[in-house]
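Presented below, as structure tokens, is a lone chain in the form predicted alone.
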């Protein structure tokens, strides 16, 4: 029996881990942040796949039967290949899940106008993963996408609350809303973005609903484990959480503690 692995390129996946622990508090977790090589958003498909697979293999070696890729860029650029080739070749008994499909399965329940805005990294937007998945689950929806390449660096360096940071966020939100007056739902398609969710809600006003992914992924994971008891039976239920980073641990501890609102101690690794 082993822990649930949660992987992100940086700190954003902590928002997913938080939500998952609220829904499934008794399970054991390992969080891995590839902070030394973040952000992934502007990297090529091949590089993101290589980095993501290195992280997945590392978590498998830590005993994780199940891994959540809590990163939209990695989910968009690497997850399908990992699921369809590498898992089947080497780790057929393990599971790797992402964050895009749970979101696209539920977007249709949120919008009334059927016009949805997607805010994400350059990699996520260029992959068109949300458009492709929504064509399966909610083909009636018209999707309006915008890449926000400055947002992750702003958040990770704590500049999102500065005047300059707020101006950049406002400009991007205005660009998205200018694509269609009918947009009534915005999906924050990056796990960093919940950090600025309240800023975005203030900018769009009450007419537009803004959704982040943590609660969606947590709910879908709970349902997944209820359906797949063969996986659930492989998961340890100690309530313990471990944090591992490829960055300097002092830097990670400081930033992650601010994200989570509690003091944490991490370990360092190379991928």
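The shown structure was predicted, so the numbers you read here are calculated from the model rather than taken from an experiment. Numbering follows the first chain given and starts at 1.
Another form exists, predicted together with a small molecule; not displayed. Remarks below refer to it.
Remark: of stretches 220-228, 36-44, 201-209, 240-248, the one touching the small molecule in the model of the complex is 36-44 (heavy atom within 4.5 Å). None of 183, 107, 152, 196 but one reaches within 4.5 angstroms of the small molecule in the model of the complex through a heavy atom, and that residue is 152.
Residue contact check for residue 190: one or more of its heavy atoms lie within 4.5 Å of the small molecule in the model of the complex.
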